[in-house]
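To begin, one chain is listed below as structure tokens, in the form predicted on its own.
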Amino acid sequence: MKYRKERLDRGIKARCEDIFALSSYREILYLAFPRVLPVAVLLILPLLKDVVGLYWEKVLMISCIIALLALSWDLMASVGLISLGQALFFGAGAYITGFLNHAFKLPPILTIPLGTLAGALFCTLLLSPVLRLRGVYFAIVTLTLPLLLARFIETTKILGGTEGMSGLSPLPDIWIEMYVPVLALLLCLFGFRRLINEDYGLVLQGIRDNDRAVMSGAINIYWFKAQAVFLAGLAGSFAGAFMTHYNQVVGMAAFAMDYSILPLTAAVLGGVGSFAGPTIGAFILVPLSEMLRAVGTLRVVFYSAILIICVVGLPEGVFHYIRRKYHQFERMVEVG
């Protein structure tokens, strides 16, 4: 009996990546495995807090926060808005949440959603006048806005000035601390992926590729850009709002450059334009940074070298490389 090699993905794609013709349980497992496994791992890891320790559970939580910021960056990039200031979303959500709790004594169950919505709306209004800018000009504006707000708070001494606001209400339970970021990350990941594959997402991608052609179709591209900024701001502001109650303090560090550079690096490392790529990049960068902490000041050297190797060796991104290799999986079949 003769056999030949067959690519497993060749017989199951009917029209596009979202429509498949399945003929066996193997093909069902082939499609479900890369989608179910990461979700299952994220949901199981918090249950292992007694095994891996609370320190690595905190690393998991921070990875989810950076992944949320990376997702917000990728959504803005899908409409052609390249941001260098995701710290703007993080800081706005953090300060509004901290102010609501510090001034009005509202519980976290109210301050986090209110801070998320208000932070996204504030950032959208702040960026609305510059949505007509393109490329590096928009990026420069987003880079300077977090620095401007930090200096404004420092100079005017509002919202606690350089000392910030401390003694905020803690989150009610450790399970909330571990599972809320995970669930928020999964919601944003699958929500953004579904959104970008709908007709609405096609308009956003059309604005990125050729905004003049979209404008010729009587579509207000600046209104769509504002909506994309608001949706991205929801993810970024939630990250800041949650971290405010997790740390029980908010200060000028909420506008730190780390919250702008890490999401951008995670998106580039994981693969821009996929949403899953920035998430994978965040879960590579944050644990890697913590593992290299033992080498002291050499951490920056090793960290930078690994990033350069990954970016140069995998310019498409880790996610796109893994997906391409996964779909090249072959099996032996009988020759009829």
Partner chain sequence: MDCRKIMLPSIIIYGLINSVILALIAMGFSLTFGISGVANFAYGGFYLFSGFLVWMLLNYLKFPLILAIMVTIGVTGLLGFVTYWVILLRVRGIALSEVIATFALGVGILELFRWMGFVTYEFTLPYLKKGMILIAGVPVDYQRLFIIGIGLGLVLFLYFFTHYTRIGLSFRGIAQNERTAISLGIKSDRTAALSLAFGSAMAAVAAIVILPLGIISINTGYEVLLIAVAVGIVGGLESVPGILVASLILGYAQVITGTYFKPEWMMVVYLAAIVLVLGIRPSGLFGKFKELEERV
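Numbering follows the first chain given and starts at 1. None of the values given here were measured: they were computed from a predicted structure.
The next section is about a form of this same protein that is not shown, the form predicted together with its partner chain.
Undergrad: Tell me whether V36, L71 and A276, taken together, all sit within 4.5 Å of its partner chain in the model of the complex, counting heavy atoms only.
TA: No, none of V36, L71 and A276 comes within 4.5 Å of its partner chain in the model of the complex.
Undergrad: Among 181 to 189, 98 to 106, 261 to 269, 235 to 243, which stretch has residues whose heavy atoms lie within 4.5 Å of its partner chain in the model of the complex?
TA: Residues of 261 to 269 come within 4.5 Å of the partner.
Undergrad: So, L110 and its partner chain: in the model of the complex, are they within 4.5 Å at any heavy atom pair?
TA: L110 lies outside the contact set for its partner chain.
Undergrad: Heavy atoms within 4.5 Å of its partner chain in the model of the complex: does Y137 have any?
TA: Although its partner chain is absent here, Y137 would touch it in the model of the complex, with heavy atoms inside 4.5 Å.
Undergrad: With the cut-off set at 4.5 Å between non-hydrogen atoms, does T144 touch its partner chain in the model of the complex?
TA: So T144 counts as contacting its partner chain.
Undergrad: According to a 4.5 angstroms non-hydrogen atom cut-off, is A253 in contact with its partner chain in the model of the complex?
TA: A253 lies outside the contact set for its partner chain.
Undergrad: I need to confirm a contact call. Of I28, A40, L48, I308, which residue comes within 4.5 Å of its partner chain in the model of the complex, counting heavy atoms only?
TA: None of the other options qualify; the answer is I308.
Undergrad: If the cut-off is 4.5 angstroms on heavy atoms, which of these, V300, M291, A32, V52, is the one near its partner chain in the model of the complex?
TA: Selected option: V300.
Undergrad: Who in 147 to 171 is close to its partner chain in the model of the complex, meaning a heavy atom within 4.5 Å?
TA: Contacting residues: L147, L148, L149, R151, F152, T155, T156, K157.
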